[in-house]
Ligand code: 76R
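The chain below stands alone and is given as structure tokens, in the form predicted alone.
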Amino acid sequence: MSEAVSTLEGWYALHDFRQIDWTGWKSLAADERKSAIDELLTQTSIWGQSEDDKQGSSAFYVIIGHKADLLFVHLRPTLEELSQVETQFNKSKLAEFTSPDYSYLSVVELSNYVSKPDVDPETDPYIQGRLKPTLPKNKHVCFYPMNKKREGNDNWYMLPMEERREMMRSHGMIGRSYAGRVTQLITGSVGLDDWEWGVSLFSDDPLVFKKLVYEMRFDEASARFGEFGSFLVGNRLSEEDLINYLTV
């Protein structure tokens, strides 16, 4: 049996993709729409307070294309708190005019493929910042789920630890070459959702998503063992942007 990689876990993550019933939303009286938007802003204020208290982070985006209209990303310390955020939105007036297109449940994860064994993760501020991050304020987001293959000779989980470690080190070097241009959030979802990881990329230049993912395709860890789900890309919304987006 090959050695399993050990992981560190941080905050739980929910990527909540929504489709808007624009016909129904526009049929509401103007004062009802305003009331629904005000109710949503009350919720976003509560989300912002969680971030101020360092007890989570939230962000929202408009998704480009047919796959979804809105994306809400929430990070929280527990599944109970994550469920509470989701349920509060589902009880809102706006939620009556949305339908869930897709969702992804996972937990912020760091593996020991590239970690330093002599560091105490419970007291190291860098590691704690990685496990309990504030979502970046970059203009664009790219999300996709992925697996490692388990097929014939291309079975990631049958490789020796050192071979996997070397491939992940090479893989990580490509990511580090994009430092300052993109922020990457890796969330583990084995046992939590249909794929094994969720990858969230944040950047002010959306072309960086294309260049980074393309370059990584030539790395052995991706070329031989990577399986990818749908890519969803969007633009970050401020509260003012959100109001404008929902105003008809």
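These numbers come from a predicted model, not from an experiment. Position 1 is the first residue in the sequence shown; the rest follow in order.
The next section is about a form of this same protein that is not shown, the form predicted together with the ligand.
- Of the residues 72, 102, 113, 89, just one reaches the ligand in the predicted complex with a heavy atom at 4.5 Å or closer; this is 113.
- Only one of 203, 184, 58, 189 lies close to the ligand in the predicted complex, with a heavy atom inside 4.5 Å, and it is 184.
- None of 215-223, 35-43, 59-67, 22-30 except one has non-hydrogen atoms within 4.5 angstroms of the ligand in the predicted complex; the exception is 215-223.
- By the 4.5 Å heavy atom rule, the three marked residues 146, 171 and 176 all count as contacting the ligand in the predicted complex.
- Within this chain, residue 156 lines the site of the ligand in the predicted complex, having a heavy atom no more than 4.5 Å away.
- Contact check for residue 197: a heavy atom falls within 4.5 Å of the ligand in the predicted complex.
- In the predicted complex, the ligand sits within 4.5 Å of a heavy atom of residue 130.
- Among heavy atoms of residue 109, some come within 4.5 Å of the ligand in the predicted complex.
- Of all the residues from 62-89, none has a non-hydrogen atom no more than 4.5 Å from the ligand in the predicted complex.
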